[in-house]
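Read the single chain below, which is given as structure tokens and is the form predicted on its own.
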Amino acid sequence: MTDPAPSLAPTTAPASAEAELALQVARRRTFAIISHPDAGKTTLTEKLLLYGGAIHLAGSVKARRADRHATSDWMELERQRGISVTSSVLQFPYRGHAVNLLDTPGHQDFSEDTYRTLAAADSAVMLLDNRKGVEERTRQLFAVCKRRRTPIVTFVNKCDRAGADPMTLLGDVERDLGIACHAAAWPINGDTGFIGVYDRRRARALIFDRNTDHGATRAETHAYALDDPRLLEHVEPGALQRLRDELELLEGAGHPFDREAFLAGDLTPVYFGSALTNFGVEGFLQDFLDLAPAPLARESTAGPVDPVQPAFTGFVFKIQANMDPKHRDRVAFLRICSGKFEAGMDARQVRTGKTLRLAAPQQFLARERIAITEAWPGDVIGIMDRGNLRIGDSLTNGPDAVFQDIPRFPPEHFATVTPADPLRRKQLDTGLRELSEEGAAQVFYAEGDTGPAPIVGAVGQLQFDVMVFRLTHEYGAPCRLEPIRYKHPRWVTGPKAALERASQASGRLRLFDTGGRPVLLFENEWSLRWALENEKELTFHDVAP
């Protein structure tokens, strides 16, 4: 960033280090947005940044002619295709809060990245299309949040176009997802369509001015009491009466807000708006930051880790190479769980027992970053890494504690990798190794890590396109992928002789991952089932043991 980032420090110093830690924890809000593709997640993210003051002009993800792009879509492939293919971190101060917004890919082919990022969030925004309601991808991500009992606030988007009846939509959400809905805001529709929302928490109607810049700047808002005669200047009498009737029905039959149920993930406050036009976005952001919890205790192998405990702890949930292609950097994204982080501090890597110097820490606005000297529980920071850290690593300067629930996924698709130029094999190997460490690819070899023909595995086919693009443009290693007929991977442990025998059977392919662990691929599910039922000396694992 060319301008210095706004300070996230309090304006007055607390009386003690313990009080300062508690104050900083209370200010933090760390959340992710979950949605089905095309529900408007990237647009909503951009508008939250606009209202948070982190940017001054919102860019549409499809605004090619003006050469404006969404801030969160920093990778070149994202800009070309108009989709999000990697998670990004967006940090900004807003009304006394220090906000960590974790933007995730919506496409299911990037589930690994999304699920790992959700592990770093304390709450979530569930974004719904007002025409489609709950869609398949939303169900999958909601299920992840439900298992973790993550508090969820719902934003019904695209209300600037005709959509499902709001009452019907709430009922569908409750039946489909099994979560109670509390309508915290309600859409106001006049003869010209969506013109505002009724804020039920503050008992006021918010009417929005339509601007002419397609939502690039903030929408002007006018607030009225429901019985204010000036409201009739904006809402026709029939539409106003319909609004009163709907609000009366919500009072009588709707779910009241219950904070305990919300924090347990059993109730979701629901807001209506349009991220494209900015209608309802500012009020939603203000309420969300008031409702969302500050960082809470996190489970670990040492028991719950309270964020206000003085010992520093954190875990790596993402690694990204080449955020700055000019310097070929490698950044580990660290979620701080407890204690105060200070630049240059030493911390123990629990997996290896090694002590690491955590140098050059940074905060992010997608690709843009600024050096920091301190950070607090709830913050997500970037640590410059030379290959020591792995996804899931826990760091501490206190007792050992490994944080749980960093998911891993087996690949579902496999392909051999052939360099377009055999003289670029070294660059290809470097790229495959770094993408594997990121979790963006899984790499296998038929003859250990010196094998001549690398094989890559991916959860989704679109990941292959990203691999080829990045290998070509970031590593100078253009290549071709050829799908193979084997899939259904299982990591195998057991006696060497039994493994050798099992590897020779028809319909199987033995590979080795980058850690030298043997993996069996199978031609079909029947072949896999036969092995599971008959290879009694071997143990089969869905992911690397």
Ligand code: G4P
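Everything quoted here is computed from the prediction, not taken from an experiment. We number the residues from 1 along the sequence you see.
Omitted here: the form predicted together with the ligand. The next part is about that form.
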Contact stretch among 247-255, 393-401, 295-303, 154-162 - heavy atom within 4.5 Å of the ligand in the predicted bound form: 154-162
Position in contact with the ligand when the complex is considered in the predicted bound form, options P37, P478, G507, G53, heavy atoms within 4.5 Å: P37
Candidate from S274, T138, T114, S338 lying within 4.5 Å of the ligand in the predicted bound form - any heavy atom: S274
T43, heavy atom within 4.5 angstroms of the ligand in the predicted bound form: yes
Stretch 409-444: residues contacting the ligand in the predicted bound form, 4.5 Å heavy atom cut-off: none
